[in-house]
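Alright, two takes on the same chain below, each alone as structure tokens: structure 1 and structure 2.
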Structure 1
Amino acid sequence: MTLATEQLQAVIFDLDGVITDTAEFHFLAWQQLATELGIKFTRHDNEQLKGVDRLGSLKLILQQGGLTLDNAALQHWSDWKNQRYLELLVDMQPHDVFPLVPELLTHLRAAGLLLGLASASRNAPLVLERLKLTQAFDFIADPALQAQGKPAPDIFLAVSTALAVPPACCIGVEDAPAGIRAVKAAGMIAVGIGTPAALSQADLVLPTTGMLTPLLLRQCFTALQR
């Protein structure tokens, strides 16, 4: 048996679908856009959009509908979707955080772990502010500064660099297949929130973020070190 050489030092969270149910708001806004454009778009189709940035998601929907748009139209519909999304966010309150997540973040910090946020959403700072969770994170990455979006590892690597923690000492928590691929590509352990069928590349999958504990994360980390 090889002894574990690394210690878990940081946990890096996705936001939408991990901290709060904004994944549903993104879906509803994309669905409205697809209806406007006469494209059939189901919840199943939406799975492939999770974690993908705004323009990339729009292009995937257009591709599905067999539509091509010029840059001005792409910008228009991208802004249109964001307006719908922002309307859905209007009433967001601190109690809209997923159950037990504030407690989890507090316990992880008390256990000496650094906390990062790696969301592809340019609305992440606004969502965190509405949830009163901005201060819960040691570093919040700006997706606009990343060369490539998920499934590329860039945003997870940016967080580990900012926290001065090697990727091998981080766990990434994600609800999207593209996000899990990004965590793995960054060389981190991946915890999936959802179903094992949807997140088959994750090292551990739980139905909800609130089921995580510092002990469970440390045990998962140690088991995968061996």
Structure 2
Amino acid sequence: MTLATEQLQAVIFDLDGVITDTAEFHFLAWQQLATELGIKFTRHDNEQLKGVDRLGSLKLILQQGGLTLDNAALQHWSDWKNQRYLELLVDMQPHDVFPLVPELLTHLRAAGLLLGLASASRNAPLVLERLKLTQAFDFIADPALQAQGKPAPDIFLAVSTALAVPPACCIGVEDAPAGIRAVKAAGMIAVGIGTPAALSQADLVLPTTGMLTPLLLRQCFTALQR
């Protein structure tokens, strides 16, 4: 057994389901879209969309309904869903951040770690603004600039590049299987927020983000580097 030379330098977070819960807003918007298209869409179906970008989610819903749309129609319905989602976000406030998450971000920064955000949502900057958390992150990735969405590693690699931190020195925090696969594909340690059964590929799984601490993340990183 040899000691690893890498040290934890950055923690990269997903947004929905990790920092706050906008999943209900997404579900309602997608369900209304599906109804418009004559497709049955349940909460169980919505689970398949977690961690998937907007266009990818739309295509999954269309596939479920046996529908095919041209590019113009895809763009129309993608914009339709986004507008409905934005309308639902109007009342989001800082108290909608998950418990202890603001304190966690403060403690991680105080511990000398860089913080990044790797959300598939193009509305992540707006959500962070409403939550008063924009300044908590050193870099917020733009999913529109990535060649592939999760479970491809592109967005996590974009964050590590922007932070000038090697992927091997990063931990990614995700709540969706697609997100966990993206973290692992990027060559990072994956922390899952949820249940071990749902996030079996994660290196560490906790029920809530607020249970994380700088010490716990460093211990996880060190244990997996040996």
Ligand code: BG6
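In this text, rigid core is short for the largest set of C-alphas that superpose within 1.5 Å between two forms. For clarity, every value in this text was computed on a predicted model and none was experimentally measured. When a residue number appears, read it as a position in the sequence of structure 1, where counting begins at 1.
Compare the two displayed forms of this chain and pick out the form predicted in complex with the ligand.
Structure 1 is the matching one, since it is the form predicted in complex with the ligand.
Align on the rigid core first; then say whether the Cα of residue 152 has moved by at least 2 Å between structures 1 and 2.
It does not reach a 2 Å shift.
Taking the rigid core as the superposition reference, indicate whether the CA of residue 72 shifts 2 angstroms or more between structures 1 and 2.
Passes the 2 Å threshold, so yes.
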